[in-house]
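Let's start with one chain on its own, the form predicted alone, as structure tokens.
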């Protein structure tokens, strides 16, 4: 397999995986392209490589920058904007985990807390509902706390040591 074919296959596969992870295919393809590029790429080159419109490229680059996994770079003497992706895979995982928690888990926790706090009139159905939603809230909260602890390890020398020992 030639380089260009391998690169295209990776970008297409990453795009397909992205849609399974809850982000759109083009956003995942742009991220893949930037992640495997050895130097920053202009929006025009991204558009050309992926055969997408300027609006599509712009919207998805903005979203990737909002996630903190793509950065804008400037080259001296160039009027174009260039983009690069986070190359540190540990940092990438941390940023994606934190962003998904903020966008998905925290709102779910808010709803679970709200619905489990209803005043029950004592019926079996209401007691069961409150019991199950409370258990679900507790479980999701614990999972989110574990995720927070795991993503904090990069800033904690002791946790880094533990992770290193576990490897």
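Residue numbers count along the first chain shown, from 1. What you see is a predicted model; the values in this text were computed from it and never measured.
What comes next is about the form predicted in complex with the DNA, which is not displayed.
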Exactly one of 110, 142, 38, 54 comes within 4.5 Å of the DNA in the predicted bound form through a heavy atom, and that residue is 54
So the DNA isn't shown here. In the predicted bound form, which residue out of 43, 63, 136, 115 has a non-hydrogen atom within 4.5 Å of it?
43
Interface membership of residue 58, the DNA in the predicted bound form, 4.5 Å heavy atom rule:
yes
Answer with yes or no whether residue 101 is in contact with the DNA in the predicted bound form, where contact means some heavy atom within 4.5 Å.
no
So in the predicted bound form, does any heavy atom of residue 24 sit within 4.5 Å of the DNA?
yes
Can you tell me whether residue 91 touches the DNA? I mean in the predicted bound form, with a 4.5 angstroms heavy atom cut-off.
no
Just one stretch in 101-109, 128-136, 43-51, 115-123 has heavy atoms within 4.5 Å of the DNA in the predicted bound form, so which one is it?
43-51
Taking the DNA as it sits in the predicted bound form, which residues of 76-92 have a non-hydrogen atom within 4.5 Å of it? Please list them.
79, 80, 81
